[in-house]
Structures are given as structure tokens and as C-alpha cells.
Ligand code: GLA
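Taking the form predicted alone, here's one chain by itself in C-alpha cells.
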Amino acid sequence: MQFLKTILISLLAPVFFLDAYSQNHASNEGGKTKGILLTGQLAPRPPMGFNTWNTFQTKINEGMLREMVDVFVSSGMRDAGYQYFVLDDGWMAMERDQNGSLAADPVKFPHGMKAFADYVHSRGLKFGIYNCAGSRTCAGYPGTRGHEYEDARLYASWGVDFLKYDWCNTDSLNAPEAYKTMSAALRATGRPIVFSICEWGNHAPWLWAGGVGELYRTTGDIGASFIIPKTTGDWTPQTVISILDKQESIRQYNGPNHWNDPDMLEVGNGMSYEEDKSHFSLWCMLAAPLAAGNDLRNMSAQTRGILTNKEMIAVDQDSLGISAFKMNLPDSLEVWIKPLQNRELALCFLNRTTSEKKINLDWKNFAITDPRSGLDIRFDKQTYNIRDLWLKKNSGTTEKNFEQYIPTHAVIVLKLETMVH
């Protein structure tokens, strides 16, 4: 069967490819699937998984990673909804082989990449890998420029389910065209491979990446800092808050199969417990992809509790796929509001200041409207049950004022549920 001709991607708004496959094809473990396969339809909900970069950078090896895969399962991460185990930069040999093909580093992966992918699949997970649109990856390994179709075929033969595609050493490449080329190469393999576009938001991918990939980075790299940037050498990564503040203006481009990606999670990598909890909560409110980046083998019970909070994950994975918007409250507080299915909603109260604050919200004098979702709630006319998603308990209704102290850099997340009649 012939493949569909290339569909032009508008530079003004996302255009989505029609999907010829039902979602169950995304779990296919084989090398190829019959029929026409299009990217851009493999992630009806934000992808969830683990990525090696934030903790290990290029210091990875097969033995350590197999341990990580095992803990991914035993810790409850898989059962909480995390699917993808993704190797970032540094998995490959420093040069292509005599045939011009990529090869796994023979010291780091003595059994080869296919064997490792098979192990990931045997544990009920999906396997992800990394490369770059340029001539070299960000860490100096062989990039994909000029090898898009052969690399895509190689990934499919290994059983790859997810490709993170970076933007280093790209010189004068045109970003939309480079990513469309790799997208077409992945489609041509016949294997469902989620395509993660990682050009750091430099070329406004939210305007053109719908239908090209399933997720696209919106900012530069994150670091393990909440609000104050930490410089290492000549590099200053983004903070949780600096990334958060760039998301609201592009929330209209976020949704099923085309997710704004504010970068991976730094939960468990050195911030305080409250900051980790806030980081995770805010990413869930944004309907962001969730990629853990900590060492799973030694994470604390608190870190595991954050990453596997199923009530928060349900907010992230809500089928509407609508990103939160912000309302300012008195005393420098703010509340991020996420419309959910069944006309429910999640509210995330954020204290980004350096002192404890008190929330005193009179629901009857509070209204929420959102043209993006059609939400129009007047609490003097409608009453909701309140569920605290971190305390994991019901907290009354909106008939009474909501009063609670909120520590510095902390959040309180409420779900407003079924109306009381």
C-alpha cells in the first residue's frame, strides 16, 4: 500500500494527520505493522516514562540500566502509568560503523541495543532512544543528519517505541523541515514510534509540530532548581518557575497527540520535598509529558510517593488534555486551574514566595471562566465536593470558605468533583 503524500504543515496553526491505526497498534512489539502508519497520533494522553539524562548524562551502561528497568517495575512506577524507558545521549559508539550505520557502544552495551530493547519489553515497558537532527549529538556522538531513513529503519529493527530528537550541531538547518523529514522516515518504517521533538522551543514548534511529532519541547533544558537559577560552568539551566511562566501563553496548542513539553522532571534530584511536590503538581496541571529523571534505584519513599500519586497522575492524564491557566489571588498567591472531563476541575494553589501564606477563599465570590474549554463556573450558583489530592481525602464542599496555610514554594491541589444538588 502506498504511503500518504506529505501533508503541508501550516506555520500558523497545527494541522493533524489522519491516523490509519487504532491506538492498540502503539503497543506492537514487532518490527513492522501492515498498512499506512502516520506519526502524530500515538499519544492521546501525555506520554509517561523515564529518561536517563538528568541524573546520568552519558554515564550509562547495560547492567545499571537493567537494574533501573527492574526498579521501574518493582517501585510501582509502571503500575502508576509510566510506560517509556528512554536512553538519552551517549548510548552509541563514537563513530558509525564501516557501513555507515549507528552502533551501540560495545563497552556500555556488550549485548547490543536489540537485546536491551527486548529486556525492556519483557518487563512490560516500551523502549525509547535518542539522537539529534545535527551532524553530532549534544555530547558529540554521531548525529542523524543525512541518515534519517537508515537510522529510522535501524530503530524499528531494534524495537524502538519512542525517539527523542535533539537540535545540537544543526548549523543552518530549517527546523520544521528537518523534523518533518525524520517524522516521514519513522512513518516509512511501518512501526509506531512516538516522536519527541526537542529543539528547545526556539522555532515555536507549537505552531507547526502538530502531526509531525507527538510532543515538542517548549523551552531550554531544566535544572534541579525551583526558582533561583544555578549556573554550572558556562551553562545556566531553566528553573521550574521560569519554565512554568512560559507555558500559559501557548496552552491553546496543547492537546491529544500534540503535547507542549516543558522538559523532564527533576523530582528527587536535590530540591526540597515541597518543591518536588510543586514541580510534579504543576507539570500535571499543564497536561505535560511526565519523564522521571532521578535514580530510581535509591529514591526515597517521599520521591516515590510524589511520582506515583495516582490522583495527581489522573489530572495529568485527563482525556480532555487541556493545560491549566492562572488566576492571581491576594497576598501574592496564585491558582492554576485545569478543566477536566465531566465538567470537573483541578485547582493548584501556588506559593512562589519565601514566606508562608494563608489561603482564605470565599467560593461564593469566586468565578472561573475559560473560553478555551467553555468553562463558566459561578460558585454562588453551583456547589462542588472538594478532594485534596495530596492529603488524599475529601475536604468538604464549596459552600464554606476554603482556609489553609501554604508553605513557601508549596502547592495545595484540590479537585472539584460532582455537584451537590
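Everything quoted here is computed from the prediction, not taken from an experiment. In case it trips you up, residue 1 is the first one in the sequence shown, and so on.
Just so it is clear, the following notes concern the form predicted in complex with the named molecule, a form of the same protein that is not shown.
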| property | result |
| --- | --- |
| K180: touches the named molecule in the predicted complex, heavy atom cutoff 4.5 angstroms | no |
| Touches the named molecule in the predicted complex: K338 (any heavy atom, 4.5 Å) | no |
| Touches the named molecule in the predicted complex: L186 (any heavy atom, 4.5 Å) | no |
| Residue contact check: D151 to the named molecule in the predicted complex, 4.5 Å heavy atom | no |
| Heavy atom within 4.5 Å of the named molecule in the predicted complex - the one residue of C138, A133, V267, V212 that qualifies | C138 |
| Contact residue in the predicted complex, chosen from Y273, Y253, Y119, W200 - any heavy atom within 4.5 Å of the named molecule | W200 |
| Proximity to the named molecule in the predicted complex (heavy atom, within 4.5 Å), stretch among 72-80, 217-225, 121-129, 291-299 | 217-225 |
| Stretch 50-66 - residues with a heavy atom within 4.5 Å of the named molecule in the predicted complex | W53 |
